[in-house]
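Shown here is one chain on its own, the form predicted on its own, set out as structure tokens.
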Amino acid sequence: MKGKTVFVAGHRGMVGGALVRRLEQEDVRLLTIGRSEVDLCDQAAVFGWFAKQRPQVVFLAAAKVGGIVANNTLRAEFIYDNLIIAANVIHAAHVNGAEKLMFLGSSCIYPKLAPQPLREDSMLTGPLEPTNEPYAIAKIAGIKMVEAYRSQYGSDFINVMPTNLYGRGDNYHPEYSHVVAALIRRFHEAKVAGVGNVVVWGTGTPRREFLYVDDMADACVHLMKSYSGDELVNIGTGEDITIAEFARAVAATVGYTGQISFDASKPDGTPRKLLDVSRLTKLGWRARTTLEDGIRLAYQAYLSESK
């Protein structure tokens, strides 16, 4: 990437922000655009911008994202926005001669009951988790689009599959955030208000893998430099934890000492989501931030971002 023009689509999101921080350590000319300048859902605007700027390397991290409530409530928005963003950016990159593109998928593309840990070849082998099916289908379409441009045009476009991410720049919306941000906010507010019990959605038994977002960005830069294969690459830690254990870890970091209870009437989602990261390990990358350190950094970020 040395000396190249590098575009991060979605730089104001948690993932895009982490990529920008990581790329600032590289010898590249960094390009970013805000939605007020170019709406990535607007095909004409995207094509015009690409024709003018002609980025050589593209990280496609822009997406409409959210937790289980947002995915299940805003189903039309999640499929439409994510389909059109992928279609616009991938095609514009191809038409304007981008040398390399990375599309960031999501671990929710894997079937709800796929064998664990989730291998890259389990995509499309079974039904998806119903609550986030529209988002997953849009992401699968983006992956297949990358594969199609590789096979038809020989484009050096690659797909990566991050696990559940958390950290600086997360969305702390009380209803639409991911589980990590939601728990950090809930335990912090309970601590401040002196609330004696915090209710966590679901039974607490599902197992999830969590990756600190700056580790994910480092993995993406590593793969952009070193990988040009046509197979997906999972990005994760290779370790998981129950939601109950995770909730207790967040509470301890925040300093919340009250009770934690679980509302089994609320959806659990997929029973387990652990990625097989053996392909990534063979490509020379491993996660460095421990869960304890990551939660501490995420809480510090929440305190500074929520002021």
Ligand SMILES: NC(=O)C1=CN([C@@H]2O[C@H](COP(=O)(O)OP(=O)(O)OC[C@H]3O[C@@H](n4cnc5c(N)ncnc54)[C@H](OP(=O)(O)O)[C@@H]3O)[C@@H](O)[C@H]2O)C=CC1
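When you see a residue number, it is the position in the sequence shown, counting from 1. Keep in mind that this is a model prediction, so the values were computed, not measured.
Keep in mind the form predicted in complex with the named molecule is missing from the figure; the text below concerns it.
- Judged by heavy atoms within 4.5 Å of the named molecule in the model of the complex, the contact stretch among the candidates 142-150, 91-99, 226-234, 157-165 is 157-165.
- With the partner omitted here, the residue from 39, 239, 26, 276 that has a non-hydrogen atom within 4.5 angstroms of the named molecule in the model of the complex is 39.
- Taking the partner from elsewhere, residue 291 is found to have every heavy atom lying beyond 4.5 Å of the named molecule in the model of the complex.
- At a distance threshold of 4.5 angstroms between non-hydrogen atoms, residue 178 is in contact with the named molecule in the model of the complex.
- In the model of the complex, residue 12 approaches the named molecule with a heavy atom inside 4.5 Å.
- Mapping the unseen interface onto this chain, residue 221 falls outside it, with no heavy atom inside 4.5 Å of the named molecule in the model of the complex.
- Taking the named molecule as positioned in the model of the complex, the residues of 103-120 that bring a heavy atom within 4.5 Å of it are, in sequence order, 104, 105, 106.
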